[in-house]
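Just the one chain here, laid out as structure tokens, in the form predicted on its own.
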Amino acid sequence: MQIFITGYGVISSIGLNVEENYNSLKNSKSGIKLTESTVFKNYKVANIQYSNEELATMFKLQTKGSRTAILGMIAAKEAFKDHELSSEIRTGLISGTSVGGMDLTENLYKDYLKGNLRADEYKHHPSGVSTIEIAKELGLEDCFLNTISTACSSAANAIMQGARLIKNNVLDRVIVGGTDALTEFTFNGFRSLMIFDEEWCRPFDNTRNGLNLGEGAGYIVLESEKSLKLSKSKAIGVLSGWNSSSDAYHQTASSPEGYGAILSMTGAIEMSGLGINEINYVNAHGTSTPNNDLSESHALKTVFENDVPPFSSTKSYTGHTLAASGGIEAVFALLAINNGVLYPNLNFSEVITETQLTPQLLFEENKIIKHVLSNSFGFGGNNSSILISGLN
């Protein structure tokens, strides 16, 4: 049973829509920069340069919500823009997030300490509320809704759950992906883990020293063949494989040998029925942390038997957008396939000593890209890989 992809939408520090994101990828324009904001002052983050109010006005949003919800509304609306609701098509929304409405809550708490209590605003805090607010903006309030929160693998797991629901004839069409906003809570949390780099992140580089945080949202629309016939939507790709694993090695670190990553990548490829030599590009998780990139490098060499296809981490453009990363990178995978391109791994200069792997260093066009493997690995060893393919 084929699961078709019929729409995509994205917002990140490198663009407010699919076209802007693609142009930034094409021109090696990173969204990671020093910021003047009070919270992140003098640190390099990949934030979107508009306030909640400005974004709501620009995109004519009718639903109030946290920044996480607002970013999700923008990307999900772009993904779903050419689709119509129908009683004949069972439609759902599955959204991943890690911080939910924390951006509002932490400011409300500061106001509370000053004696200003606005208790009703705390309703935006729970992760699931952002999904409800996105659904309301899309007109999907009476449809199946679910929220996934598995740290950095959230959006990838949302995509997989949507695919399973279609495969098992529970739904016909699902908007899937994830959204996360930059918050003081997140920023200080990663600094406390000592995996936040004060310089530009350098995925898969021997001198890598940590990640740069980002914010954004990315969604794709999955449809069954039945739904495709009813909706008359145009397929732009196929979700051909997916798999998740849990190595349970450590609360935050991946196993040094990449066992969980090996299982998720191998499982996704086996599900697709493809051979390892048919994978044309890997959009790696590539957080630029010492542990992840070494672990993922070992895993890539094991899965592809030392003949690793072109790979890169687009987090060198967008920063690490946490729960949103799998959704954003699914959009980038579709763009790679439909435009025949490979994305460079920015800021790279020196191979990792132990693995000697060199990522993709140039933006290359006129490539035959039929199958892209996209990795999303979360805390606690929650490893998820999805395989996106072009149309036959």
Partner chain sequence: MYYIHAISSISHQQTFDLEFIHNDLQKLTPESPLLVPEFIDILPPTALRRLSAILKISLTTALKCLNESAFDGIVVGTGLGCLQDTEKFLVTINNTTSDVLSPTAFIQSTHNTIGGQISLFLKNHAYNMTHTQNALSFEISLLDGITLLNEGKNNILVGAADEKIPFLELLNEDLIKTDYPFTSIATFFNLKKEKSDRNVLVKDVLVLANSKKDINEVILRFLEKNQCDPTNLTKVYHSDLEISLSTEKVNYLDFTGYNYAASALAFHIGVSELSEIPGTILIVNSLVKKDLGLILIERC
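Just so we're clear, the structure is a prediction, and the values are computed from it rather than from any experiment. Positions refer to the first chain, counted from 1.
If you look for the form predicted in complex with the partner chain, you will not find it shown, but the lines that follow are about it.
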Answer yes if any heavy atom of residue 303 is within 4.5 Å of a heavy atom of the partner chain in the predicted complex; otherwise answer no.
no
Would you please decide whether residue 229 lies within 4.5 angstroms of the partner chain in the predicted complex, comparing each non-hydrogen atom pair?
no
Could you tell me if residue 120 has a non-hydrogen atom within 4.5 Å of the partner chain in the predicted complex?
yes
Is residue 248 one of the residues lying within 4.5 Å of the partner chain in the predicted complex, judged by heavy atom distances?
yes
Only one of 192-200, 303-311, 215-223, 274-282 has heavy atoms within 4.5 Å of the partner chain in the predicted complex; I'd like to know which.
192-200
Name the single residue among 88, 84, 270, 141 that comes within 4.5 Å of the partner chain in the predicted complex, judging by heavy atoms.
141
Only hit among 316, 131, 292, 321 for heavy atom within 4.5 Å of the partner chain in the predicted complex is 131
Each of 105, 168 and 186 within 4.5 Å of the partner chain in the predicted complex, by any heavy atom, yes or no?
yes
Can you tell me which bits of 137-167 touch the partner chain in the predicted complex, meaning any heavy atom within 4.5 Å?
140, 141, 142, 143, 144, 145, 146, 147, 148, 149, 150, 151, 157, 160, 161, 164, 165
